[in-house]
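Have a look below at one chain only, the form predicted on its own, in C-alpha cells format.
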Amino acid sequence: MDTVARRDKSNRPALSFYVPEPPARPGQPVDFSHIEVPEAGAVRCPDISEPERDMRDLPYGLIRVLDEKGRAVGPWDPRLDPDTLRAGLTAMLKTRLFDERMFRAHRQGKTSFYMKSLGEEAIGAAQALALDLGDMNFPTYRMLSWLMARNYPLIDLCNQIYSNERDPLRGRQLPILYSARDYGFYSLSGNVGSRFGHAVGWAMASAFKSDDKIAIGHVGDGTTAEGDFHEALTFAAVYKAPVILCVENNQWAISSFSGIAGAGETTFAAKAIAYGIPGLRVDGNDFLAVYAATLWAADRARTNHGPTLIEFFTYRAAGHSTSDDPTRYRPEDEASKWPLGDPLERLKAHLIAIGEWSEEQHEALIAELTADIKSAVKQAEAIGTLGQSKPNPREMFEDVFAHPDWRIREQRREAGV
C-alpha cells in the first residue's frame, strides 16, 4: 500500500467526460464526410455455408448493387424480373403517398398520431417480396411498405389510424401500431426492442416443430443499446435460430444521433462478431441490395445455418413522428444531402435504365395510387375519424380470458355493456 501511495501522479492529466456529438447541428453546414460509400458491386458475396469466422470482413463493407447510372452490378445482384421491380416501386410509392395523406389528416385533427417511413421505404418493400408468405416479420414502425407490398387493404389502415368503429384492432393499439397475421406482420410495439426477442422465440418454435418458416426481426440503431437486443442475439446464436435480425440504422433515435448507441466506434453489423454469427452491412436505400441480402440470410436460415444480423444503412428523412421537429437537433437541409440518395428515385432510375419504366408510366401510377388512397380515406372518414366514432366499449372485456370470470362480468355490468 505504501508503494501505491508514493506513486508519482503529478504528470497525469485530469480525466475528461466524453459525450459524442453529431457532425452538424441546426444552423451548421451538413457534414457527411465521415461516411465512406464504396463503389456498387465492390463487396464479395460468400456462399451461405461459409463459416462465420471467414466472413468477418463483411460487417465493415457496404453491400450495394445499384450504381450511379442506375445499373445493377456486382455479385449481390439478385437479377429480379421487371414485374418484381415494378411491384417494389409500387409499394414504395404507395407508402410515400399514403404517408403524406395521413400526415395531413393528423394536422387536421383526424388522428392523434402518425409516423412516416420517408427514406426507408425500400427495406419493408424488398423484404416483403423476398420472403415467403408463411414467414413472420417482427417489424418496427417504419415498415408500412411491407404491408403495401403484400396488398393489405388501405381501408383497414385508415380505420386503424382513425381509431374508429371499424378499427381492425378494435381500439387496442395506438395509430400506426398495426397487426396483420395473415400478411406476416406481427403486432407492432412502441417498445421496439421487445419484439427482437419474440422474433427469435418464434423462429426457435418453428425449428422445434420441424417447420419450414423463418422469422425476421427489426430494431432501430438506438435500440441496440438496450438489453433486449443483446439477449435476442445470444439466444439466436446459441440455438442457431432460423431468424434474420435487422438493425435499421437511420442515423437518429428520435433526437439522439446514432453515435449515442456506439456508431462512432464500429458498425452495428460488427456486433454480430461477438456472437459468432454473420453480420452484413447493406445500403438500405438500394432496393436490390436489400432484397439480395435478405434472400441470402433467408437461405442460410432455411438450410439450418443459423441467424444473420443485417445493418441497413439508411436515413430517416422526416421527423420521428408528428410529435417531433427535427430542425431542433439537425440541419434543416440534411436529408436532401444524404449521400445514398432517395430509395424510390434510385429504383425508378433503374427501371428506366433497363427500359421497363418511363416518366409517363410513373406519373400515371402516381395518379392511380392517389385515387385509390383518396377513396379509402373517404370511406374511412364516412365511418368516423378521431373522437367521432369508436370501437364498442364491450371490446375491452373480450379476448382477455377464454371464459369470462365473475370479475369480467361484474365490470361489464358496471360499464353497462
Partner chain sequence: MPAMNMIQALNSALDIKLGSDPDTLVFGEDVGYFGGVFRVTEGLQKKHGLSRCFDSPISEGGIVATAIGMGAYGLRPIVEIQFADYILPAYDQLVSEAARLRYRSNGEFWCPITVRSPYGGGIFGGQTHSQSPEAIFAHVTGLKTVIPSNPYDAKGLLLAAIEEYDPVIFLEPKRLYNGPFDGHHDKPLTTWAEHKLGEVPAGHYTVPLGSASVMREGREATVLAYGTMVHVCNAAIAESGIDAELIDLRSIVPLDIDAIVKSVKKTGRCVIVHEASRFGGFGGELSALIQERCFYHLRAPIERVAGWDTPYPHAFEWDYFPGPVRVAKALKRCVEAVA
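Keep in mind the model is a prediction, meaning the values are calculated, not measured. Residue numbers count along the first chain shown, from 1. C-alpha atoms forming the largest set that superposes within 1.5 Å between two forms make up the rigid core.
The next section is about a form of this same protein that is not shown, the form predicted in complex with the partner chain.
Peer 1: Where does the partner chain sit in the model of the complex: which of 265-273, 145-153, 327-335, 206-214, heavy atoms within 4.5 Å?
Peer 2: Stretch with heavy atoms near the partner: 327-335.
Peer 1: Is the partner chain close enough to Leu174, Ile260 and Ile408 in the model of the complex that each of the three has a heavy atom within 4.5 Å of it?
Peer 2: Checked in the model of the complex: all three residues contact the partner chain.
Peer 1: Which residue, Lys374, Arg56, Arg44, Lys390, has a heavy atom that falls within 4.5 Å of the partner chain in the model of the complex?
Peer 2: Residue within 4.5 Å of the partner: Lys390.
Peer 1: Give a yes/no on whether Ala241 approaches the partner chain to within 4.5 Å in the model of the complex, heavy atoms considered.
Peer 2: Judged by the heavy-atom cut-off of 4.5 Å, Ala241 is well away from the partner chain in the model of the complex.
Peer 1: Consider Pro26 of the chain shown here, and say whether it contacts the partner chain in the model of the complex, taking contact as heavy atoms within 4.5 Å.
Peer 2: Result yes; Pro26 sits at the interface with the partner chain in the model of the complex.
Peer 1: Is the gap between Gly222 and the partner chain in the model of the complex 4.5 Å or less for some heavy atom pair?
Peer 2: Although the partner chain is absent here, Gly222 would touch it in the model of the complex, with heavy atoms inside 4.5 Å.
Peer 1: Going by a heavy atom distance of 4.5 Å, is Gln127 a contact of the partner chain in the model of the complex?
Peer 2: Gln127 lies outside the contact set for the partner chain.
Peer 1: Within 4.5 Å of the partner chain in the model of the complex, which residues of 141-165 have a heavy atom? Give them in sequence order, or say none.
Peer 2: The stretch touches the partner through Ser163 alone.
Peer 1: Once the core is aligned, does Tyr18 move its Cα by at least 2 Å between the shown form and the other one?
Peer 2: No, the C-alpha position differs by under 2 Å between the shown form and the other one.
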